[in-house]
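Okay, so here's just one chain, in structure tokens, the form predicted alone.
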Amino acid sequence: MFENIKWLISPELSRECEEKEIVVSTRIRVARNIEGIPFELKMKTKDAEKLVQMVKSALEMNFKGKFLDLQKLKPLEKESLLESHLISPAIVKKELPTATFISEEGNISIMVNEEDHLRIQGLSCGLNLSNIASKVYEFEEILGQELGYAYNENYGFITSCPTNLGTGLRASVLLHLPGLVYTNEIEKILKSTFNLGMAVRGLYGEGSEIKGNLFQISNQHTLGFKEDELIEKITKFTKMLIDLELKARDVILNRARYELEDKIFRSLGILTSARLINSDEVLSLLSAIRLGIGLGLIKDIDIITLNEIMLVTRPGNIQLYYGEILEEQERDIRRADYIRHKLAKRNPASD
């Protein structure tokens, strides 16, 4: 299971990442369809099976990694891939044959037969759009040479949804913005994103709820823009949000320092002592601790540890971690146990 999340918790993969406390993660995704294969609405089972085999052959000839037939995976295994952001909620619901490929490094995943034939995505911690984009396009170019993409001179890459026409690229960042939430500035800022051609979603993208002060920002349109332009646009907007978040934190420190410190250290106390805790509460408490690290108030816990806790304690991952199917209360018990032991170096007495 840790192989699924090493893109976010590996020290080696995190060296290139900037602003890791505010920018939790970065994603670049391109949508591609194969010339001569029916699109989603007209695709039959035999077409889907043919596509899966074509993509599998092309990947195995050129890249190292794991190719997974999603229909053969257990529900818990698919839930873990979803929680690790390696597959989407949409592909889990598909009835036609689907698959995903995960690169050896764990930071590239390719979904086969999602909304489009291929969804090639790269994942990274921190603000790292340009670097991860170059890795995505390495996969995209080689697969294009092997398989041949559906392309139109006027519209660019042809996709199932018109909003993805052109480059087919979606760049997104997952931002931790507690300062803007506490100062009640977040609503005003998020409303402005729509006018700038961007979308705001929760932890797991479209349709997911915003929790733990985590906001996913991505471009809404691709047609008429070059890849570099989209990446630069998202990067600039992210840096603006980082600046606003830092200013909001300064305001809170000046106006309500003791209340803020109390919230941060109470959250730490709960996580190091709790015997029963649910996954949503974990996200809320981790948000306060993440803020404490960003403000320099907590110095003996690192961001990589928090990222690991955030993903391992999700409902599917915690069950895979312990290797057994668990009822809800038992998950809450095991989750609390895992967190106490993970933070034990800071507070050994919590056991």
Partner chain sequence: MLCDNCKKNPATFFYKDVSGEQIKEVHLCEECARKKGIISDKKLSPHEILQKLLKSVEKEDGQIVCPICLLTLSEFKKFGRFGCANCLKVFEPYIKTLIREVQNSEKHIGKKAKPGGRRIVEIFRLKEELRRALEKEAYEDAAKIRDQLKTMGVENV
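Positions refer to the first chain, counted from 1. Values in this document were obtained by computation on a predicted structure and should not be read as measured data.
There is also a form predicted together with the partner chain; it is not shown, and the following applies to it.
- prompt: Which of these stretches, 91-99, 138-146, 250-258, 268-276, has heavy atoms within 4.5 Å of the partner chain in the model of the complex?
  reply: Careful reading of the contacts points to 138-146.
- request: Decide whether residue 57 counts as a contact residue for the partner chain in the model of the complex under a heavy atom distance cut-off of 4.5 Å.
  value: Although the partner chain is absent here, residue 57 would touch it in the model of the complex, with heavy atoms inside 4.5 Å.
query: If you check in the model of the complex, is residue 325 within 4.5 Å of the partner chain, heavy atoms only?
result: Residue 325: no, not in contact with the partner chain in the model of the complex.
message: How about residue 221 - does it come within 4.5 Å of the partner chain in the model of the complex, if we only consider non-hydrogen atoms?
response: Yes, contact at 4.5 Å.
task: Spell out, yes or no, whether the shortest heavy atom distance between residue 215 and the partner chain in the model of the complex is within 4.5 Å.
output: Judged by the heavy-atom cut-off of 4.5 Å, residue 215 is well away from the partner chain in the model of the complex.
message: Exactly one residue in 77, 281, 105, 227 has a non-hydrogen atom within 4.5 Å of the partner chain in the model of the complex; which is it?
response: Contact residue from the list: 227.
field: The single option of 121, 84, 167, 124 touching the partner chain in the model of the complex, heavy atom within 4.5 Å
entry: Only one option qualifies, and that one is 167.
query: Mind listing which residues of 137-163 have a heavy atom within 4.5 Å of the partner chain in the model of the complex?
result: Read in sequence order, the residues that approach the partner chain (within 4.5 Å, in the model of the complex) are 137, 141, 145, 146, 147, 148, 150, 151, 152, 153, 154, 155, 156, 157, 158, 159, 160, 161, 162, 163.
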